[in-house]
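As structure tokens, one chain now follows by itself in the form predicted alone.
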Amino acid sequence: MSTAKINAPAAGFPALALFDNFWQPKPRQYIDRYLLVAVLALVSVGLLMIMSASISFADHQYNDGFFFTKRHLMYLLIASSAALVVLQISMRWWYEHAGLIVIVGALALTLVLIPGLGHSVNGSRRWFKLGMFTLQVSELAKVCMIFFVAAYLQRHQLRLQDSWHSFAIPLAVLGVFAFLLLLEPDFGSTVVLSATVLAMLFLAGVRLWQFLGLMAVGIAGVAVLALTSEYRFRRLVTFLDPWAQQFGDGYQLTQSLIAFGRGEWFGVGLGNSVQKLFYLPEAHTDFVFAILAEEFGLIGVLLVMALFSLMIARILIIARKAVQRQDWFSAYVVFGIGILLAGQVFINIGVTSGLLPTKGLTLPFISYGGSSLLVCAVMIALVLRVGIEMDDMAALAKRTGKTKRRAAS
């Protein structure tokens, strides 16, 4: 049977067209080794830090010091399996179904707000309860939005500068997602997602005055949300002077700063953290970087930041390859993923070190959390898939060039 027949839509079964270009494994796949090594190193550091930071809390709460370590290993297995599946899916399939994907994302954000469907923790309704696992919908929504914006820019890139209508549509969809995220509430994810979409629009070539106007509106919106919400306002005041509320609203930040201070140059040694002993809340999730700083010191912090820098740099290099091949959808997806991951890293490290007000964002590949790990693994698989396709295109162009030269001679 010919390749054309295999990839052609099933004429008598329209529903089967959904799976066109879905599964297209490539022979002689090229994997960006530097990106893969950086991610595997971060995953290893994350597993080590989760084991160290959670052991006392897990022993006290569940009578099993390795409770969270075991669960994280299961999350790693699930995330790795999902990444291997995504690695086999053509980018063309994602492009063709970006509209359906964004609808699914919006629907999930809506359903999670319904009592009985969404799982509530500490007043926030962000999760679906799936047996012994929970799925944080906001993590999936970020990827859905990146697919939609990338596909939209592929189709309307040339009209962005000339038509307000073309410029307003992705902003309207972003507004819907932001509204649903704020209802959960998930202010941190709203900020990261909004910044990612704005950066993608800027890269697509929107006019500078339009971009600056959006930035001004965005900053004003963040300020209004912070000043009109009592708990956000308290966080902002506490951030400016955490020691004034050392045993109140500033407790978490001051304990994190103490962990940084105790680490000094080389740290107190793996497993010797004091702050993880019920002093620092969320020590194995949002504030795991503070425990890393305490146990490995400034040198350990710089090494982890170097791994993150290498990861982001390799992502941007792959995006640049897609631009050179004029595969705009893949380029925008990879740029969006790079910006999103860089934003989450910057915010998490900024929060734990006192540079930014407290926000509930995980540190990619290092913090404990199944949803974050799953989505981050899928995003890296998408980037690697783009790298594979760009390498295949380059190899094909090279072979075609040789054939033409032989024919000419």
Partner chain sequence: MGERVKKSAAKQPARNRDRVSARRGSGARVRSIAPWRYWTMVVALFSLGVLALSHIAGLQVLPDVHQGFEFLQSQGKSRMLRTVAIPAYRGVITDRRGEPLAISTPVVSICANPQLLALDGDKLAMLARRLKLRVGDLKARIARYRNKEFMYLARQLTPPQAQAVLDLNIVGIFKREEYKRYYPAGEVAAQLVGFTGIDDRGQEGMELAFDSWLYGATGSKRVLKDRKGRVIKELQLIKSEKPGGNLALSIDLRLQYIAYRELKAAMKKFRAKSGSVVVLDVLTGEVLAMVNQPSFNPNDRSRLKVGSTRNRALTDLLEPGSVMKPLTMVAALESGKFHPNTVIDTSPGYLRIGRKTFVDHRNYGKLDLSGILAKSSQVGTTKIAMKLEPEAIRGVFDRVGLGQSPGTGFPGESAGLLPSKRRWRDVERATMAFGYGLAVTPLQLASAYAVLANDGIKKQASLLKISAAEGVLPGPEEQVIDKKIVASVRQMMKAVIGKEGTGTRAAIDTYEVAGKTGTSHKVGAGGYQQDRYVGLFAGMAPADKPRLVTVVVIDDPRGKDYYGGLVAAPVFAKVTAEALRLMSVAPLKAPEPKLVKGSTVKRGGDS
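Numbering follows the first chain given and starts at 1. This one's a predicted model, so the numbers in the text were calculated from it and none came from an experiment.
We do not show the form predicted together with the partner chain, though everything after this point is about it.
Colleague: If the criterion is a non-hydrogen atom within 4.5 angstroms, does every one of 35, 236 and 285 touch the partner chain in the model of the complex?
Modeller: No: none of 35, 236 and 285 comes within 4.5 Å of the partner chain in the model of the complex.
Colleague: Where, among 286 to 294, 175 to 183, 80 to 88, 112 to 120, do residues come within 4.5 Å of the partner chain in the model of the complex by heavy atom distance?
Modeller: Heavy-atom contact with the partner occurs in 286 to 294.
Colleague: Among the candidate residues 101, 171, 108, 323, which is the single one with a non-hydrogen atom no more than 4.5 Å from the partner chain in the model of the complex?
Modeller: Partner contact (heavy atom, 4.5 Å) among the options: 323.
Colleague: Here the chain is shown alone; which of 199, 140, 76, 191 has a heavy atom within 4.5 Å of the partner chain in the model of the complex?
Modeller: Going through each option in turn, the one that passes is 199.
Colleague: Just checking whether residue 135 would be counted as a contact of the partner chain in the model of the complex - the rule being heavy atoms within 4.5 angstroms.
Modeller: No, residue 135 stays farther than 4.5 Å from the partner chain in the model of the complex.
Colleague: If we define contact as a non-hydrogen atom of the residue within 4.5 angstroms of the partner, is residue 40 a contact of the partner chain in the model of the complex?
Modeller: Contact with the partner chain, no.
Colleague: Mark residue 339 yes when one of its heavy atoms lies within 4.5 Å of a heavy atom of the partner chain in the model of the complex, and no otherwise.
Modeller: Yes, residue 339 sits close enough to the partner chain in the model of the complex that at least one of its heavy atoms falls within 4.5 Å.
Colleague: Would you please decide whether residue 60 lies within 4.5 angstroms of the partner chain in the model of the complex, comparing each non-hydrogen atom pair?
Modeller: Residue 60: contacts the partner chain in the model of the complex.
Colleague: Select from 81 to 111 the residues with a non-hydrogen atom within 4.5 Å of the partner chain in the model of the complex and write them out in sequence order.
Modeller: If the 4.5 Å heavy-atom criterion is applied to the partner chain in the model of the complex, 81 to 111 yields 92, 95.
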